[in-house]
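The chain that follows stands alone, in the form predicted alone, written as structure tokens.
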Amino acid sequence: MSKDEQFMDADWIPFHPNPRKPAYQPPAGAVDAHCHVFGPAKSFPFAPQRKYTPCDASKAQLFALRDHLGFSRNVIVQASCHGRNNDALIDALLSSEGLARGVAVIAPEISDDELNHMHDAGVRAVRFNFVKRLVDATPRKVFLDIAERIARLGWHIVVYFEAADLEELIPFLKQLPTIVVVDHMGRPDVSKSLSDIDFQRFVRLMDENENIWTKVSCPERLSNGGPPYSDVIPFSRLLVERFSNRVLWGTDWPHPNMKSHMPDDGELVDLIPQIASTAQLQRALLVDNPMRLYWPETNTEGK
């Protein structure tokens, strides 16, 4: 254990030290659309109000993983352990040579100058977290005010919630003025069937609101059986096939707060053909959709 890692939570599981090379080769220009950086704490201290203390997971390690897995770009999501201080995120974006975009967590009092600086660095969205074990509650009015401000920049909103909380959140989600990307399929209970009322509520929400997208990510977090995560695949596949132009995929590296096991990122990549069964669906999921959302100035469709 390194000097820095001794300060992580006692039950923290560090990311896989040697993920295998995937058998599946992603299409050229593929984007890992959900990942994080943690610290390094020596340079970017974690927030005092954090609910967990992770190991360091640096930008250099993230970009090396990107290359190892056969991806071209990253979308880096601000982690709750850093609170509203986005310095580690911004540093990673500025070091990416334009190959990363960011999803920030911001304070309501943030200045226009700060927002503009974040935009120039590569931030294109803000994240609203409703998972009670990770963050303290924030009044909805605060989120709505932030949404109005970031909409003027052309940003969108990423939301994270548990499936049981969706019904109560729907009126709020429908008020948001931008594209809304739901993390990890809204965390369905995969021990239930595809016809379960909670999952069908999420499908209906996407059916009725064309501005709502989702990430078909984190089988390791949703599965009840562990690898090879076969209980999650039908949920992911349904969403990819039904909403092929509104789905994203990401590793979730370095897999914060995993308690059962630490996934091999190469194995996660090899699940992609099982949830996106054709080259056309794979290209939409991994290239066209994330590029349209995060790099709209780069037209990739048809190339």
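In this text, residue numbers run from 1 along the sequence as written. Computed from a predicted structure; not experimentally measured.
This protein has a second form, the form predicted in complex with a small molecule, left out of what is shown; the following refers to that one.
Undergrad: Using the partner position in the predicted complex, report whether H184 sits within 4.5 Å of the small molecule, counting heavy atoms only.
TA: H184: contacts the small molecule in the predicted complex.
Undergrad: Under a 4.5 Å heavy atom criterion, is R127 part of the interface with the small molecule in the predicted complex?
TA: Judged by the heavy-atom cut-off of 4.5 Å, R127 is in contact with the small molecule in the predicted complex.
Undergrad: Mark V216 yes when one of its heavy atoms lies within 4.5 Å of a heavy atom of the small molecule in the predicted complex, and no otherwise.
TA: V216: no contact with the small molecule in the predicted complex.
Undergrad: If we define contact as a non-hydrogen atom of the residue within 4.5 angstroms of the partner, is S80 a contact of the small molecule in the predicted complex?
TA: Judged by the heavy-atom cut-off of 4.5 Å, S80 is in contact with the small molecule in the predicted complex.
Undergrad: Establish, in the predicted complex, whether Y24, H68 and E267 all lie within 4.5 Å of the small molecule, using non-hydrogen atoms for the distance.
TA: No: no residue has a heavy atom within 4.5 Å of the partner.
Undergrad: Only one of these stretches, 58 to 66, 255 to 263, 40 to 48, 270 to 278, has heavy atoms within 4.5 Å of the small molecule in the predicted complex; which one is it?
TA: Residues of 255 to 263 come within 4.5 Å of the partner.
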